[in-house]
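Given as structure tokens, the chain that follows is alone and in the form predicted alone.
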Amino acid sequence: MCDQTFLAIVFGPCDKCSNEKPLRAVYIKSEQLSYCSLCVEMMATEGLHENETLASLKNEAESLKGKLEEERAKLHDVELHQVAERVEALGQFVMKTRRTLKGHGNKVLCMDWCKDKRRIVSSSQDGKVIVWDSFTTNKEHAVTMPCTWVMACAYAPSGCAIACGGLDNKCSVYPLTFDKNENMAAKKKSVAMHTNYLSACSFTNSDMQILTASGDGTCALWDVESGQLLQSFHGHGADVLCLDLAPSETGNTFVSGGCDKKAMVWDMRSGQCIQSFETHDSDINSVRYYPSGDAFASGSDDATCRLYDLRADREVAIYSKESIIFGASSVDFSLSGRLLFAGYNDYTINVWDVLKGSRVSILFGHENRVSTLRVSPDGTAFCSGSWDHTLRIWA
């Protein structure tokens, strides 16, 4: 979301010409260098053949893109909603707020469920990270971060640690203990360091590795124990706002979305982008894998949610209505994958029938924009966080 986009310009000596100028991060064989804009342009033109220009290469790339789209279109023989016509329509169902979690002093920006299906971690613009018991609404732990705008938080798979970060450009990991009097800040471990704000983080299938996304346009995989960078992912042309790990236990892919309107699927082992989708008209605020791992959904500031099939390598559905004019900030699937929950900037949560593409419910309750939304691990409820300072659990 544009409200959460910050630009940091670094001045210093260029690694190529040594002049003091505004610098841009350039990656050569995974090594980060700081070049001024003139050196970046000169580097881009190195190795060009005779009569070749950057403009001609751009035109060639665009024509190749067009040919790829034509090949994709040949396989596009039927729409998802047409295939789903024979599927029985969903009956009426009622979801309402069952718990309200109050305690943050400012906008709730992110939340995550623990694997125990009970505890929740949330982060806020007030600089606080709170661990909640969703059954009793009690606060079990609270951490005050050194900065405001804690835009990312995640629960470790074991439930024994949490990770968080934001405008401090870092991802910090805090171990959780049963001792209520213990100073958690003293046990803080700084794991990841980006050159711009941290926008999202997620543990992999163990507590030992963590994946981060940042406003510096990159994603990165880190070793939690040593803080070592294991793999970096470069390809986005602007701030990366969100990421999601493939659900398979052996899944080595993740998807990211950002301000360049692109959703990109990455191989964690090679660091390469293996699929890219660019059909949104504005920033992608949220991405979430379908439970089977064969597709993913995205929510964008263009007021639409979209479904991409990885096997068909294309967009297969758009979830939108003319009456919806506000951006979608967060999306998640029900456990079966039949429903898509989407939080919007108009304070509502829309529930979509994934197969038929129709809206089946609107949930009201929040008094400001819905910023984050996650379905519980057992699928019995989902939690939403909002700029109204509260989290709500719906079932």
Partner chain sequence: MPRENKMKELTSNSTTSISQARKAVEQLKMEAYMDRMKVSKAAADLLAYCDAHIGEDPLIIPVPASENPFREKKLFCTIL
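Remember, predicted model here, so these are calculated numbers, not experimental data. Just so we're on the same page, rigid core means the largest C-alpha set that superposes within 1.5 Å between forms. Numbering follows the first chain given and starts at 1.
The same protein also has a form predicted together with the partner chain, omitted here; what follows describes it.
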item	value
Contact of Leu245 with the partner chain in the predicted complex (heavy atom, 4.5 Å)	no
4.5 angstroms heavy atom contact with the partner chain in the predicted complex for Arg99	yes
Proximity of His76 to the partner chain in the predicted complex, heavy atoms at 4.5 Å	yes
Proximity of Ala186 to the partner chain in the predicted complex, heavy atoms at 4.5 Å	no
Site check Leu68, Ile274 and Ser292: each within 4.5 Å of the partner chain in the predicted complex by heavy atom	yes
Position in contact with the partner chain when the complex is considered in the predicted complex, options Cys160, Ala142, Ala312, Cys147, heavy atoms within 4.5 Å	Ala312
Among the candidates Leu307, Val173, Met111, Ile130, the residue which, in the predicted complex, approaches the partner chain to within 4.5 Å (heavy atoms)	Leu307
Within 4.5 Å of the partner chain in the predicted complex: residues from 306-341 (heavy atom criterion)	Leu307, Asp309, Leu310, Arg311, Ala312, Asp313, Arg314, Val316, Ser334, Leu335, Ser336, Gly337, Arg338, Leu339, Phe341
Ser18 C-alpha moves between this form and the one not shown by 2 Å or more, core aligned	yes
Cα-Cα shift for Lys170 and Ser18, closer or farther in the predicted complex, minimum 3 Å	farther
